[in-house]
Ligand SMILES: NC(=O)c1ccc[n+]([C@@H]2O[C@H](COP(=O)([O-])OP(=O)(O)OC[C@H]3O[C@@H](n4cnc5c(N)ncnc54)[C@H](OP(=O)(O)O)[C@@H]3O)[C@@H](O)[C@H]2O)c1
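First, one chain by itself: the form predicted alone, in structure tokens.
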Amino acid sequence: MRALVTGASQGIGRATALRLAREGTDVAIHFLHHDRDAQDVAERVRALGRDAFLIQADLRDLSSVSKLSTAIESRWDTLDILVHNGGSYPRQAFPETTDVDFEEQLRVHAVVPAALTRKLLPLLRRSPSGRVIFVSSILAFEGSKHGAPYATAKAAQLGLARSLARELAPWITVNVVAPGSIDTAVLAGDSPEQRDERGRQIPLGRLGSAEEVAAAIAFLASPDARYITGATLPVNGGLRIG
């Protein structure tokens, strides 16, 4: 099995790359910053007996599509799993946002993933079990105070994923994982009091881990999920039910 995981140097992407490697998958590790972290992920994947290589690209720029696809095509003749995880969550009050903020978030979370999926379709179709998995967010449903561009882009991503699920069947399944409050660098700025308050709002009483999100992604990438497409799997401890 072969997978491309975007945003794989830290957090959910890192945990996903390592989880897939443990389950027998070679991994292309995309990153923008944190090159040492990305190299560490590659070394850990190789220590698990799987192939790994790095691709640095800026998902805010459509030229990243060619860079990523060329790197994959030059190395592999098939691709089994494409995990769209890369992105950022800038926070600012709505009056302080600009058109550029919205355009940038839409490029990162919808336009570039659509273009990259299109570009890699020939390789995905050569797989006997092609999988496309989007890492969305609870904020696609709930909205985000001080994060309107991000929440808007994540909602657009849901529409993209559901459309692709209909169009790419039966060769390729397309699903979404929607995390809630996950203990990653995104929440690193929280004070202890803020972390405690987040935990109190969650029925299961704590933040989730990157590894728990990775487990959901790995399930959707597995043969056990072969009859699931167009689904959104919440990983949020009950923060959003329904």
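Since the model is a prediction, treat every value here as computed from it, not as a measurement. Residue indices: 1-based, along the sequence shown.
Note that the form predicted in complex with this ligand isn't included here; everything after this is about it.
For the candidate spot formed by V108, S137 and S181, every residue has a non-hydrogen atom within 4.5 angstroms of this ligand in the model of the complex.
With the partner omitted from this view, the residue of S163, Q92, S127, S88 that lies near this ligand in the model of the complex is S88 [heavy atom within 4.5 Å].
Looking at V186, you'd find a heavy atom of it within 4.5 angstroms of this ligand in the model of the complex. With a 4.5 Å cutoff on heavy atoms, G11 counts as touching this ligand in the model of the complex.
Although the partner is absent here, R200 is not a contact residue: none of its heavy atoms lies within 4.5 angstroms of this ligand in the model of the complex.
Using a 4.5 angstroms threshold between heavy atoms, K154 counts as touching this ligand in the model of the complex. Contacts of stretch 23 to 52 with this ligand in the model of the complex, defined by any heavy atom lying within 4.5 Å, are made by H30, F31, L32, H33, H34, listed in sequence order.
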